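What follows is one chain in structure tokens, specifically the form predicted alone.
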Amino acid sequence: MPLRIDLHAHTTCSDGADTPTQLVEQALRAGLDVLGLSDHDTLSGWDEAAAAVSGSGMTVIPAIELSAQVIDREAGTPPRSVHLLGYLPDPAHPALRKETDKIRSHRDHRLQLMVEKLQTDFDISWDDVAETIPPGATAGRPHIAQILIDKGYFPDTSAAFAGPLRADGPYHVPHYAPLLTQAITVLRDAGAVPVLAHPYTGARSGAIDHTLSDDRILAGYDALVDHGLAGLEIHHRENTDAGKELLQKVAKRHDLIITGSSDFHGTKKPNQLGENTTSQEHLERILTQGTGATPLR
């Protein structure tokens, strides 16, 4: 029987609803054999996950989802936010630690500025939000969303993100993130395997401007592969069908790693563990290429 492999999940160390221990327990109940622990811009959940998974028969792949951005100076459009999964990075690598520290610092300040804007229309304070962020966790918009939900403004995180927390809304404040090419280099240097997370989500262009022609889109991905990109998260609920088809062309063109994942956030999102999975063949490619850390068993 093939292994059930889900390589993208979050905990309370960033914007998930479950602690690393609770995530491991949920993954075991869901019948997963391999789970990717990929919190935003932090590796702080690894030790707890290692203790939780020990002796369980399941494997946790330590990872990170690194914030990045693409600036298209020719088009003159605002920077595009991109998420880059990095599998098996060295947690002590100086450049990676420097980037994650800087990103988290800017995230904290950015969230405070967003709360100040929201206060004109919503009963919300920074103290409210700060109480929902565990010590050392990566702060993000879901922490604001939780307060808006608790106060009855919205039924769930999706509704809050479609409303005042949307990236193009009047309350939005951007945060620092390295350029995507720089993020790829940092992860590669840290021994990690860089894989673009949910890269083709419809109207929200990410690494490549998806309003361009197919030829120009393919050329854009060619450049990222030349820079060190190792794979694409194709099987993800947010990728469009047309996007998946084009991403398959890119993957075939460069023999890239293909992953499938839930992007699980517990009760914060409707995504369910194991709803998309990665083949054992492509997991083995990650394990072969990743040199910065080892799987947790």
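All residue numbers refer to positions in the sequence shown, first residue = 1. For clarity, every value in this text was computed on a predicted model and none was experimentally measured.
Same protein, other form: the form predicted together with a small molecule, not shown, and the subject of what follows.
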Discussion item. Can you work out which of 125, 77, 158, 182 has a heavy atom no more than 4.5 Å from the small molecule in the predicted bound form?
Written reply: 158
Discussion item. Test of understanding: in the predicted bound form, would residue 89 fall inside 4.5 Å of the small molecule by heavy atoms?
Written reply: no
Practice prompt. Using a 4.5 Å heavy atom cut-off, state whether residue 235 contacts the small molecule in the predicted bound form.
Written response: no
Discussion item. Please tell me whether any heavy atom belonging to residue 110 falls inside 4.5 Å of a heavy atom of the small molecule, as the geometry stands in the predicted bound form.
Written reply: yes
Worksheet item: Can residue 254 be called a contact residue for the small molecule in the predicted bound form at 4.5 Å between heavy atoms?
Response: no
Item to complete: Please name which of the stretches 158-166, 90-98, 213-221, 126-134 has residues with heavy atoms lying within 4.5 Å of the small molecule in the predicted bound form.
Response: 158-166
